[in-house]
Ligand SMILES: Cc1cc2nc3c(=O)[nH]c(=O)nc-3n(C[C@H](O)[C@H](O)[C@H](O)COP(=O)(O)OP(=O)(O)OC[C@H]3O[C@@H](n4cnc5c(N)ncnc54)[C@H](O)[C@@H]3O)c2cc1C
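What follows is a single chain, given as structure tokens, in the form predicted alone.
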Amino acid sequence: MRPINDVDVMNKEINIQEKTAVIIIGGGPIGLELSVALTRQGMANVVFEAAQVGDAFMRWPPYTHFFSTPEHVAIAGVPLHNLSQQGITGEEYLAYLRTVVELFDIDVRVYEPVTAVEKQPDGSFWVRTEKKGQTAVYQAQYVIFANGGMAAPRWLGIPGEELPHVTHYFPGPHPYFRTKLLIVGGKNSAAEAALRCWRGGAQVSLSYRRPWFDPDRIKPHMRDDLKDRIEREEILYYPATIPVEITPTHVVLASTEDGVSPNGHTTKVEADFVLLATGFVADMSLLARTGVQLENREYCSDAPVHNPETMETNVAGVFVAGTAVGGTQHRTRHFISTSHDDVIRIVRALTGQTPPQIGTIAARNNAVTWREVMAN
């Protein structure tokens, strides 16, 4: 794709569809919260979403509950209540996000992915999008990337990973009723899938590359439940193993002492289905093409370089918010609860004002950020 330039405009090849102060890339909770906060400060903005609002939650298995409590994932000061007063489901959260969009009439353009962001000599940005095969170009003074960090599964690159009975996305327990299911992974998603599928009537085996689970990576109630199931041999556990080959009938697991490298010992595990709960990777290619520098950190890779006080990247006028701040996270540090901070910092940087209401926790509404609350 060739870059847009002044010659294009002179030749009228490029027609600026619309001008606005801020373009937000990503229609997840933080992108929507940014839109509301900026609008409250009188700053025009448009949100572009490649799929549908809250797309990441559309890929959750049915009836999956948040580990965070409702007040931590509520946005824009709109309370999030449910009947149980416990963690809400993905379906409930999608309904909540739709409510927020309609309540504030957020200008969100769904199914219109951004394909290019180019800075112009006057400091503004031309943002190219595509929808139904049609290209459009918008102009903005600022661009905020809030496009998440779970663009694609983390592939293992082993033979058989592409077979039809293998998936990286958990569809819920019902497809595995009365079948043999091997789950690979050792964090919350793997533990939850193992427990739900076992209770849903599957014969569950679980492979993890370490001898036992990191207590900081599995919620306590699931960790204790899973420990009981494994000790009773209701769920078969293959510790310190990694899959090296998947066939239509079985999976070859290789023993490993360091969690990475096979040591020569292998085990064949029969499996009708294989769920690879091995995590997800971010797609930071659009940021890179925009000129944003990416770096590796202790807990993540391909994370955008930015000023933590303003969330502005090395490209003046380009900001980053939400889980996109962490690129591909190996240990989760950026999620909805911590990302309310990003909204506060960006709005302060762009308007000089503190958002009047972020989330539903009183401390945050008074511009005390999540990190400051946790520190006290």
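Nothing here was measured: the structure is a model prediction, and the numbers come from that model. So that there is no doubt, residue numbering starts at 1 and follows the sequence shown.
Only in words, not in the display: the form predicted in complex with the ligand, which the text now covers.
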item: Residue (of 291, 200, 160, 113) lying close to the ligand in the predicted bound form, criterion heavy atoms within 4.5 Å; value: 113
item: Position in contact with the ligand when the complex is considered in the predicted bound form, options 286, 136, 281, 269, heavy atoms within 4.5 Å; value: 286
item: Any non-hydrogen atom of residue 341 within 4.5 angstroms of the ligand in the predicted bound form; value: no
item: Residue 37: touches the ligand in the predicted bound form, heavy atom cutoff 4.5 angstroms; value: no
item: Residue contact check: residue 241 to the ligand in the predicted bound form, 4.5 Å heavy atom; value: no
item: In the predicted bound form, residue 30 touching the ligand (heavy atom, 4.5 Å); value: yes
item: Contact segment among 58 to 66, 309 to 317, 38 to 46, 347 to 355, judged by heavy atoms lying within 4.5 Å of the ligand in the predicted bound form; value: 58 to 66
